[in-house]
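So this first bit is one chain, no partners, the form predicted alone, shown in structure tokens.
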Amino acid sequence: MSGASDGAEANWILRHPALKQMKELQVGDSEQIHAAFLVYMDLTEVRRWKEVSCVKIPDLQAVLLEAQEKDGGPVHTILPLPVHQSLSHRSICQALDRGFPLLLCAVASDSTLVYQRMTDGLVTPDPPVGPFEDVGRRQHRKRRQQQQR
């Protein structure tokens, strides 16, 4: 493979319509745009989410993504954030105020993506499903009974 074709293949990213749209939002932070593009590609190409679009909150200098996990499903707001970048409570509130469920996506320097669902207030966890046994305690009881014999 020649070096010229390597450069042409790498440039597809720079020509991608989503990346161009993100740059047009003028958030001014190339690292955040890079993080948003990686999340965009994960949502569209890996997770196959629908209707993925880029938006900007006027006060928050960041690219937000809005998408549906499946056709006809609820719209989610995704806030891509480089892992080293700090986030204020005010920023989270601004993203939550959009009225959609919010996913914070931490983007590591090795392109690892970690999604965290954010809520406005505390949410009680769902109860566990399925038959659960305290196996450790049962085994401990069995050992103790065998030792006593």
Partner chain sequence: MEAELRPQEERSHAPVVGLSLCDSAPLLWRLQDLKAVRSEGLVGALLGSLPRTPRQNVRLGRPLLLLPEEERLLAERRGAAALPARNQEVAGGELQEHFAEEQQRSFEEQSVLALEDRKSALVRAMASSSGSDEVLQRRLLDLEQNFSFPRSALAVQLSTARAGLSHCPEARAFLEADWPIRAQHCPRREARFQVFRDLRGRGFFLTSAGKFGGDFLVYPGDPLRFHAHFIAVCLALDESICLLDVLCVARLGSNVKKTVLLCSPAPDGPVRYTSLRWSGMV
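Residue numbers count along the first chain shown, from 1. The model shown is predicted, which means the values in this text are computed figures rather than measured ones.
The same protein also has a form predicted together with its partner chain, omitted here; what follows describes it.
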Proximity to its partner chain in the predicted complex, single hit among Glu31, Asp59, Asp120, Glu51 (heavy atom within 4.5 Å): Asp120
Please identify the residue among Ala35, Leu103, Ala67, Leu64 with any heavy atom within 4.5 Å of its partner chain in the predicted complex. Leu103
Taking its partner chain as it sits in the predicted complex, is Glu45 in contact with it (heavy atom to heavy atom, 4.5 Å or less)? no
Does Pro125 make contact with its partner chain in the predicted complex, using a 4.5 Å heavy atom cut-off? yes
Within a 4.5 Å heavy atom cut-off, is Ser111 in contact with its partner chain in the predicted complex? no
Please determine whether Gln26 contacts its partner chain in the predicted complex, using a 4.5 Å cut-off between heavy atoms. no
Quick one: which residues from 70-91 get a non-hydrogen atom within 4.5 Å of its partner chain in the predicted complex? Leu81, Pro82, Val83, Gln85, Ser86, Leu87, Ser88, His89, Arg90
